[in-house]
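In structure tokens, the next block holds one chain alone, the form predicted alone.
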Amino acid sequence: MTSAGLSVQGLSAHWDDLHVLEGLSFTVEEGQFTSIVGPSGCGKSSTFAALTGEIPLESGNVSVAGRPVVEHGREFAWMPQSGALLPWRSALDNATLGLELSGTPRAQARERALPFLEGFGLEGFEDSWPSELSGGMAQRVALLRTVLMDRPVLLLDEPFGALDALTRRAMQDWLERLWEKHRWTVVLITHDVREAVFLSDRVFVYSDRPAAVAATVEIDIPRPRRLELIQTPQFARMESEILTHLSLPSSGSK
């Protein structure tokens, strides 16, 4: 799996009539798990849209592994808020959809996916239809589809936001273990501060729209991490620091 650092410098953009990004800058180190938190509607998802070329940049630069990004779609694998599995494709065929759309023959795409099934908890569910999968299983399929694209940076937009609390905690623990094994370069959008602290090496706190980074919080909790850490004073301190930044007026507020 390819992994590379990400540098975002001075991004500004509009989405239709909305000014969504203004001078947005941040860096993600190679193999680092970072999260973005911020007020609803502040421009978190718009960041991913700008990085992947869904909305045009008015100013700013993006580079991956020190090289300027020209073809945005080739540098990022984006998992949207809804996993959006196709009901007429099996779990395995949903996982390979991105590869097939990019030109990989189905047999070759399936061969590439098979070694990941056990680690993603999907072994034995290859032929299941989306309607037969739990919410957590469906998100595992969607994440596998994202990983199989083999892009330098993974963009995860609220991947567990629609899950119930117990399933969400289990998925966070699973993703932490999986990331420990593969060390992908990840940027995660989440409204869950506890999720951000548990999974991340660094958390970017956004201002109100138009988005800019109002604060950067380094998560100095050793890895590997397990859910019991949530009850520790160190974890509570990090969570409180982020919540404090979220509650403060920011220069991006209007």
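The structure displayed is predicted, hence computed values, not measured ones. We number the residues from 1 along the sequence you see.
Here the subject shifts to the form predicted in complex with a small molecule, a form of this protein not shown in this document.
In the predicted bound form, the small molecule lies within 4.5 Å of some heavy atom of His191. Using a 4.5 Å cutoff between non-hydrogen atoms, Ser82 does not count as a contact of the small molecule in the predicted bound form. Among residues of the shown chain, Trp15 is one whose heavy atoms approach the small molecule to within 4.5 Å in the predicted bound form. Although the partner is absent here, Ser46 sits close enough that one of its heavy atoms falls within 4.5 Å of the small molecule in the predicted bound form. Comparing 193-201, 58-66, 221-229, 35-43 against the small molecule in the predicted bound form, the single stretch with non-hydrogen atoms within 4.5 angstroms of it is 35-43. Scanning Glu158, Asp173, Glu100, Glu126 against the small molecule in the predicted bound form with a 4.5 Å heavy atom cut-off leaves one residue, Glu158.
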